[in-house]
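The chain below stands alone and is given as structure tokens, in the form predicted on its own.
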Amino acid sequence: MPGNLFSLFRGAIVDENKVFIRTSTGRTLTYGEMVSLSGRMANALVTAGVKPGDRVAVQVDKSPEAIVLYLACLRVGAVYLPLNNAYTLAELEYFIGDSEPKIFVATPERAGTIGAIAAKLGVSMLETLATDGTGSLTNRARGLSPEFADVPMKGDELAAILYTSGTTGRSKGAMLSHDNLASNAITLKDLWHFTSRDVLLHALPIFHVHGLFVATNVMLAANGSMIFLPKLDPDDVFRALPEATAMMGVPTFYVRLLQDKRLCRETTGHMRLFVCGSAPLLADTHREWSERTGHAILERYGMSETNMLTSNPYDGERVPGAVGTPLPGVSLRVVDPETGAGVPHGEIGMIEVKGPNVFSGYWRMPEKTKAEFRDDGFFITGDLGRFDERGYVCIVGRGKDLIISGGYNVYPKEVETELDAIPGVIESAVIGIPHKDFGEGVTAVVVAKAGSALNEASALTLLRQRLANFKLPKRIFFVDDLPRNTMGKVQKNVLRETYKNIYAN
């Protein structure tokens, strides 16, 4: 492994004049410009007092300069901490307090409100970065030297922290090392046959493992190019598609593109690869895409804590409803959730994994980290699955009631905590219900006090002040009582059965 992850990316550059990123507005960033600007930005971070191991928290819009900031953090040896743009101020306060970043980088529009929280929690400096690349951080970097001696790093030292939702309501910071990210970038580049001739259509967010550590890292390792779209817009996609060779997306992307008459074999015939992940892809969507385009979507499986674990083959059968086989160097097993003993082939159990891609633990949560690892080093994913007759992994459910909606992890407990705090609510239960666009729709079932005027609309209005949009229930149902078993535990399986068809149309 290369030590500092940036040395892997620098070593892959063949032509510095090659375009690294082109935006939908026509702005371009070459590989040579990326190296120079990341050097200036690294010098800016150092002059601001950032040292190896310091956290740099970032909540900005998608832009080439945002990627450059990520790379500058790698070069400095700082720990990059991307934050979802949808997070509320209440959520940001927790992340800032927990991670204690040296610098927080925000959009100019949110700088005032975030700055007040950051100052209260002792953050040394607030910088800004806008979508067009302007802001106090680029101003600080502009007059500095493009030359920067990358800080030597050990492979097991931290490169990034990704916060994931917690079953107790507390988000957990997954600590990812330089080696974790490098191993996955190299493996996926080779496995999916990415080269410098590839142009990736990139419509994913870059605060998420998919858009940043899969899509961007793989293209950097391959010395490929990316077309940056701010989001999935069919018009933008079909304008850019003739120049692309590959696309990575979540199930929602493919569902929405299937609704467009422009999607056909003629418009996609030149494409080499379509990859899908972050949420389960319905087998019907997989089959319909193949019929319309002649391409079989390559589905894979990963987590914030592990990067990618499995993949359907590049050459070979891509099975609808399966996520393929373990990546080279990754060990994956299916065990009894209670005992940890292996289950017979084909039977359902807990998926556990071990490999160079697996994180070292949760930030400042040693007890939680210990509980999530077996004594032999296998990480307990919390996902339930089985091996099929081909040896492909099939995900059949998730322990701990994790909901994946639109590619984002939502833990019911976090939403339930906010619901239960609303005046008039006695208790609540949050479940995931199959949803064609989002994979699963966050759905709440609430017991309200007698005579309460609370309804679905008013409850959602209150939740929007406390939760990011992707965590908000798509529907809230009010009932007299929640179903319980003899031990008093809410029977969420009964609720899922009751509401299973609410998003069918």
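Being a predicted model, the structure only gives us computed values, none of them experimental. Sequential numbering from 1, following the sequence displayed.
What comes next is about the form predicted together with ligand MLC, which does not appear here.
Tell me, please, which stretch of 367-375, 412-420, 329-337, 301-309 lies within 4.5 angstroms of ligand MLC in the predicted bound form when heavy atoms are compared?
Checking each option against the 4.5 Å cut-off leaves 301-309.
When you measure heavy atoms, are P205, H210 and N469 every one within 4.5 angstroms of ligand MLC in the predicted bound form?
Yes: each residue has a heavy atom within 4.5 Å of the partner.
Considering R110, R256, K102, R272, which brings a non-hydrogen atom within 4.5 Å of ligand MLC in the predicted bound form?
Contact check passes for R256.
Scan A130, M350, L126, L232 and let me know which has any heavy atom within 4.5 Å of ligand MLC in the predicted bound form.
It is L232 that has a heavy atom within 4.5 Å of the partner.
Check R475 for me: does it contact ligand MLC in the predicted bound form (non-hydrogen atoms, 4.5 angstroms)?
Because no heavy atom of R475 falls inside 4.5 Å of ligand MLC in the predicted bound form, the answer is no.
Any of the heavy atoms of R27 lying within 4.5 Å of ligand MLC in the predicted bound form?
Outside the cut-off, so no.
With the partner left out here, check for me: in the predicted bound form, does some heavy atom of R464 sit within 4.5 Å of ligand MLC?
R464: yes, in contact with ligand MLC in the predicted bound form.
Against ligand MLC in the predicted bound form, would M219 count as a contact residue? Criterion: heavy atoms within 4.5 Å.
Looking in the predicted bound form, residue contacts with ligand MLC do not include M219, since no heavy atom lies within 4.5 Å.
Using a 4.5 Å cut-off on heavy atoms, what residues in 183-198 are near ligand MLC in the predicted bound form?
Heavy-atom contacts to ligand MLC in the predicted bound form: nothing from 183-198.
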